[in-house]
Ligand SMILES: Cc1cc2nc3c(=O)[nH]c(=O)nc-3n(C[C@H](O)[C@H](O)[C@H](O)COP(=O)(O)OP(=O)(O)OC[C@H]3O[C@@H](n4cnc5c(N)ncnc54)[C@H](O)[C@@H]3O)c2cc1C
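Given as structure tokens, the chain that follows is alone and in the form predicted alone.
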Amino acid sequence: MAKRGFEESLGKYIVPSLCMGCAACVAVCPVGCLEYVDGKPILSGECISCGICSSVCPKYGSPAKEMEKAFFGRERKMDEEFGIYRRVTIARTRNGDIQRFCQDGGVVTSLLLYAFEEGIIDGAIVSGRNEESPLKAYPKLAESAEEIIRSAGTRYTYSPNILLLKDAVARGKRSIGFVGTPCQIQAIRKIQAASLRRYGGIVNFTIGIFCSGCFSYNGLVNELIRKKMGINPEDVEKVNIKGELIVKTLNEGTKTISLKEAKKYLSGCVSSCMDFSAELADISAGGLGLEGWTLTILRSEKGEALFDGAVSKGLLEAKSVSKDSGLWKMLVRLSRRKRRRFMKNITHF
């Protein structure tokens, strides 16, 4: 099959119902003819029709079963409704510095810190805080323990973390941890499957964040928090979702608003992805309504070894989750819900 250029392949599908804005195509384009503008790739130079952009797109080709075989050695079983796993646990950090910054249990930050201090990685791609635009997430290459800790917490606007693969290569990183949303984890796996070792080869492990959808920055910050809730975004200390959207301020305590109202400001990518729990990650993590704990799915042998290493060092406290627990049932329910929503909006290439 002849290789097609961007305009003949992905360029036709840069619409809200299809493109998730992961930026994988922009990150790996060998001639730099793509730019990331307003959450989408655009053609800004001469395309050489190499076909690499379509080979790394999470929405283009490579069925989930093929990816599961490639990275886990098998397809999921019928009862693995949230993807292949080895163990499911709840865990929380024992590190006081992480506790001050983390969203829930601090598991993701603890794992990155453990991997960095043990020399398993020499950096981590995460989402960070934007000092100029309150509550706006942006990609960050954390290169120290302090940067890893200060990047803890959840930002509910989209952060195209994959864009920093080029920075990681340029800075000479040899082994990084990658944290991202389900669509970004899918893209990383596509990059690795395409044998683009320049980028995929430096990713030592992936940690996926549970995702029901992200908010547009203007919708969340200006329309919802500033106008409807009457809160100055610069005064917000933390945003969380626990059955409702919770905004904790520096001086005025906590204010809440219903999820029904908040969901009006979700971005278009919510309809283009069917993966709730980052099913292709080495480890998946999310709060799932827990207070002070993180629900953690250990999917790969590498992910399980990383987690057990952090526990053995006393950095994490962990408890097992049983299949008949409410948490397990909620995980299954949310996974089904996202798949159903996707199927209602599905459009095939």
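None of these values were measured; they are calculated from a predicted model. Each residue number is its position in the shown sequence, starting from 1.
Not pictured, yet referred to below: the form predicted together with the ligand.
In terms of contact with the ligand in the predicted complex, the residue from Y114, F210, F82, F205 that brings a heavy atom within 4.5 Å is F210. Among L288, C33, V311, V321, the residue placing a heavy atom within 4.5 Å of the ligand in the predicted complex is L288. Each of S127, N161 and T294 comes within 4.5 Å of the ligand in the predicted complex, counting any heavy atom. Interface membership of D104, defined by any non-hydrogen atom within 4.5 Å of the ligand in the predicted complex, is confirmed.
In the predicted complex, A137 approaches the ligand with a heavy atom inside 4.5 Å. Contact annotation: C214 falls within 4.5 Å of the ligand in the predicted complex, judged by heavy atom distances.
In the predicted complex, no heavy atom of T249 sits within 4.5 Å of the ligand.
Screening 190-198, 67-75, 176-184, 249-257 for residues having heavy atoms within 4.5 Å of the ligand in the predicted complex returns a single hit, 176-184.
With contact defined as any non-hydrogen atom lying within 4.5 angstroms of the ligand in the predicted complex, the contacting residues in 134-157 are A137, S151, A152, G153, T154, R155, Y156, T157, given in sequence order.
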